[in-house]
Every structure is written in C-alpha cells, then in structure tokens.
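Alright, here's a single protein chain in two forms, structure 1 and structure 2, each given by itself as structure tokens.
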Structure 1
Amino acid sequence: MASIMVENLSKRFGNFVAVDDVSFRAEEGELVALLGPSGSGKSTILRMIAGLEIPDRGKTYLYGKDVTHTVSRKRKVGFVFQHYALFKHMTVEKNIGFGLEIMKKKKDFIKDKVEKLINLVNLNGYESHFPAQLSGGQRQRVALARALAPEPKIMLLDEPFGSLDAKIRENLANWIRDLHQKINVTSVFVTHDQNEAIKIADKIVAINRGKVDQIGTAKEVYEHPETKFVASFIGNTNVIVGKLHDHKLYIENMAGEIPTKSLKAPKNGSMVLLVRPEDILISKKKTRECPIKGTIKDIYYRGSAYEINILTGDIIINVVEEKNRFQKKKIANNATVYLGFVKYNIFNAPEGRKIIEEKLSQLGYLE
C-alpha cells in the first residue's frame, strides 16, 4: 500500500490552471522530489496533500484512506514551509513543542522529546532563542524539528532549502537524506533544483505547467528524459536544430552530419536535438565518432572538469569534459576540433518546429 497516492488532482485559481490531472504515488519510506520550475504547480500539489488547499477534482489517499475532504489538522502530516513559518513569539523550545502541546502530552514527555529533537538538529544552546535571533539554516532546522515532533509518518517539504545559500543548502540536503534514512517516514519535497532532486530523491516527479511530465528514479529521468521539457530542465542541455534526411541528421549552420541509425523516430523533416554537455566527445582529428568541425572559443576550469564552449557553424555548443582527459589533449583557445555526440535525445515537429521558429526569430530570420 502506498503511503501517499494522489489521483487526477486538479486545481484552478480563477482562470489559472495550477494543477492539471496529476497522479503519482509515494511508497512507504520513499523520498520523492516534485521537480519543476517556479509556477509549475508543484507547491500546490504538496499543499493539497497536506490539506491546506482543497482540490477541485481528484482524490488524495494517505495509507489507503481517502483524505480528500479531511481537514489538515486531522491528516497527521509534517509540513515544512519554504519560509519556515516559525511562531515568532515563541522560543525555539516552544516552537518545537507546539505540536505535542496540542496533542496534550505530559510536560515531562514534551520536555524530553524537545530535548532529543534539539540534539537531532544540532541546536543545543539555542533552546530559549527567538526565531528572529537565528540564521536561515538554523530556522529551517527548527522548522524541521517542529514538524517531526508529533512523529508524523509523512513529511512534506516545500522548497525546504529555497531561501538558503548554496553551501548550507547542500549540507542541509545531505543531512535530510541521512535523516530520512534514520527515521521511518515517507517524504515528498518540492524543488526547482535538479541537482538537489537527483542527489537526494529516490523518485522524481517532473512537473511542467501543472502536469506530470515524467516519473522515475533520478537515473531514469536524467538519462532517459521523455519530453523536451524534462531534458532541458534536468541538467544543462544544448538545444540544436537540424534536419533529418535519409537517416542522416544535418544540423543547420553546422559543419558535418550525424548518422542516425539509432533514431527512434526516423521521419524526415525538422528535428530538435538535445545533447548534454558531458555527452559530447572532443577530438583533434576528424573521426567516425567525431564528424563535426568546430573552433574552441572559451575554456573554463570547473574543479574536477573543464567547461568548453565550441563554435560550430554559427552556434555555440557547451561541452563538459573530465579534467585529466581534457588536459591530455592539450587543446588551446581557437584550436580546430571535431565533435561527436555520444548520447542525445531527438524530438520532431511540432515541438521541433516551434523551437526552430524561436531559434530563427532569435537569429533575425523571422519577425
């Protein structure tokens, strides 16, 4: 039995369709990421699971029980808000103990439990501080401890690290991953950061314009994106426009052609190719794998890898290559190189045509 199951959830705000026929499930103990750009409706989905928003259509089940019309306070889920929503007039201790007080637990029990949670979130010494006296990361940890206190079986986190800076974000994300494994809960978190989702989620639900685009493990979604949207959203992607003719892909304004024996949709016509920077090979000589000619424009050092911009025809292709491999090639700026695509996703019209039109209008060929 799934811990969380939503079926055909839909929600409008006025004329705006925020969530459109969304279904997915989270198994017991799973950490699920709702991934999508801002305004895609992912927070609304989370709020509907928590009972803070009532869906226009569809059903929500928690542990097999239909809770669609159950008020939030009876659903027993932990909710962590993006902006923490701490009780400003209460100390850290009182904030964390609030849920237990509502449950009318004994004073000693609450004291004990709060102490344990403060240990868990590393806030010893801050018991009698007010939220205003804490840093962003500390506030977020108080919010987490507060949500965990009543021992919910389901945790919902709305952009839990959204307003923190990069370093704290990463630490906290890893910490949540560990915590999730330590205590037995099913968690759903909302994020717009694909790296975060890939790093800590068991399952990713990619949301676009209120609809589910793809559901899968991090690996599946990253390596086999099912739509152009997912591909371009998950990771940095080169968008290349080309024409398919006799099983060969001719790329517009690009020197060279790509054999396309592995294409899923070998229709002739306009195509859009999505290639990840790390799926591109660079060679100093023209080979069967690397048929496309280009010129090195920029080389950036990125720690364990190099990021290289290569001009081919009149488009810039972004390539990422592992540090040692790139250094061995001894390639400098303005050198001529040959490129090959190891892996790519290809989409045809109408999506492809739309992108071509956008591309052309960007270049000034269309009004």
Structure 2
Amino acid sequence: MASIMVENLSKRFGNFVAVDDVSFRAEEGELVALLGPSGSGKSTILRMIAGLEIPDRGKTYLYGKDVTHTVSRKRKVGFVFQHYALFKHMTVEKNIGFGLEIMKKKKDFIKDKVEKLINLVNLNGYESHFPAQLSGGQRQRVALARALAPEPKIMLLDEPFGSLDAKIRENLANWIRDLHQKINVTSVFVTHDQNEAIKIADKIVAINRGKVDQIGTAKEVYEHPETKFVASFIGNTNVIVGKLHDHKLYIENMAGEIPTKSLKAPKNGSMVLLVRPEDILISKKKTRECPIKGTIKDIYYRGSAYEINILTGDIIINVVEEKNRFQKKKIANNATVYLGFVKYNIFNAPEGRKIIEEKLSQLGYLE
C-alpha cells in the first residue's frame, strides 16, 4: 500500500490553474521530489497533501485512507517550510518540544524526546541557543527536528534549502539523505533545483505548468526524458534543430549527417535534438563518430572537467569533457574540431530552434 497517493488533483486560484489533474504515489519509506520551475504548482500540491489547501477536484489518500477533506492536524504529517518558521523567543529545545507540549505530553517524555532529536540532527551543545544565534543550516535542522517530534508517518518539505547558500544547501541535502535512511519516514520535498533532486530523491515527479510531465528515478528522467520540458529542465542541454530524411539527420547549417535508424522518429520532417554537454565527443580529426565541423570559441576550467563552447554553423554547442581527457588533446581557442553525439533525445519540432529556445527561455528551462 502506498503511503501517499494523489489522484487527479486540480486546484484553481481565480482564473489561474495552479494544479491540473496531477496523480502520483509515494511508497513506504520513499523520498520523492516534486521538481519544477517556480510557479509550476509544486508547493500547492504539497499543501493539498498536508491539508493546508483543499483541491477543487481529485483525492488524496494517506495509507489507503481518503483524507481529501480531513483537517491538517488530523493527518499526522510533519511539515517543514522554507523559512524555518521557528519561534524567535524560544530556545532550540523549546522549539523542538513545542508540538509535544501542545499535545500535552508529560514533561519527562518531552525532555527525553527532545534530547534524542537533538542528537539525531547533530545539534548537541545548542540546546539553549535562540534561533538568532544559529546559522541557516542549523535553523533548518531545528525545524526538521520539531516536525519529527510528534512522530509523523509522513514528512513534507517545501523548498527546505531555498534560503541557504549553495555550499550549505549541498551539505544539508546530503545530511537529509542520510537522515532519511535512518528514520525511514515517507517524505515528499519540493524543489526547483535539479541537482538537489537528482542527488537525494528515490523518485522524481517532474511538474510542468501544473501537470506531471514524467515520473521516474533520477537516472530515468535524466537519461530517458519523455518530453522536451524534462530534457531541458533536468540537466544542461543543447537545443539543435535538424531535418530527418531517409533515417539520416541533417543538422541545420552544419556539414555532416547522423544515422538515426535506432531512434523512434518519423522518417522525414523537422526535428529538435536535446543533447547533454557530457554526451558530445570532440576530435581533432573528422571521423565517422565525429562528423560535424566546428571552431573552439571558449574554454572554461571547471575543476574536474572543462566546459567548451564550440561554434558550428550559426549556433554555439556547449560541451563538458573530463579534465585529463581534454588536456591530452591539446586543443586551444580558435582550433578546428569535429563533434559527435553519443546520445541525444529527438522530438518533433515544426516550429524550429529559435522559437523552441524562446519558449524554453521564457519558462526558465534555458538560461
């Protein structure tokens, strides 16, 4: 039995459709990410699961029970907000124990529970500190411990790292993954950060304009995207237009052709390729694997890899290659090189690359 199951959830705010016929499941002990750009409806979905919003249509089930119209406090879910929502006048231990006091638990029980939770979230020595005396990451751990105190069956986290800087986000994301494995509570978290979702989620639900575009593991949605939105939003990508003719793909304004017999694509017509930077080969010589001619325009050192911008025809192709592999090629700016695509996704695109890129940029899928 799924811990969480939502069926055909829909929610409007005036004329704006925030959530449109959304369905998915979270199995027992799963950590599920609702991933999408700002305004895609992720937080509204989470709030409906929590009982903070009532859907216009559809149902929410927790452990098989229909809770669509059950008030939030009776759903036994823990909720962690982006901005901590800690009580400024209360110490760490008082914040964590607040819910238990409201539940009128005995003082000895509260003391013991708070002590265990402080150990769990690694805040020993901070029991008497006030929120203003803590870092952002520490405050978020207090908020998480407070949500865990009543022993909820389900945890819901709304952009839990959104207000933190990049390094703290990364550290806290790793910590959340480790904590989740320890406590094994079914959890759903909202994020617009693809790397965050890929790193810690068991399953990703990609949300696009209030709808579910794809559900799968990080590997499934990254390597086998089912829509242009998923291919563009999850991971960096190159948008390349081509023409299919007799199972050969001719890239717009580029010399060379790419066999496409293995791809499920129409025989002829305009197509758009979405190619990951790491799935592109660079060669100093033209080969069967690298038939597309280009010119190196920019080379950026990225630590363990290099990021290379290559002009082919009238577009820039972004390539990422492992540091040692690229250095051995001894390629400099303005050098002529040849490209090949190891793997790519192909979609019908009668509107052409420029319009595709404009649409994706407007929606925040491409920078």
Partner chain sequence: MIVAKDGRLILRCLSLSYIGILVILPIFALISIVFKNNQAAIWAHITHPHAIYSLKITFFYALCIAIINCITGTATAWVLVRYDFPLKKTMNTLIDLPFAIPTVVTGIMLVTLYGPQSIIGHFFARNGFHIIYNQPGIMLALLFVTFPFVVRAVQPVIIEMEKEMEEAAEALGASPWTIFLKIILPTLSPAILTGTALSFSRALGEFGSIVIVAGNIPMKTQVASVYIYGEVESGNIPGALGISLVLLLLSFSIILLLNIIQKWKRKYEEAK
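Think of the rigid core as the biggest set of C-alphas that the two forms share within 1.5 Å after superposition. Only a predicted model underlies this, so the values are computations on that prediction, with no experimental measurement involved. Throughout, residue numbering runs from 1 along the sequence of structure 1.
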**Form selected (criterion: the form predicted together with the partner chain)** = 1
**Prompt:** Core-aligned, does V221 move its Cα 2 Å or more between structure 1 and structure 2?
**Reply:** no
**Asked** Once the two forms are fit on the core, has I207 moved its CA by at least 2 Å between structure 1 and structure 2?
**Response** no
**Asked** By how many angstrom is the CA atom of V92 displaced between structure 1 and structure 2 after fitting on the core?
**Response** 2.3
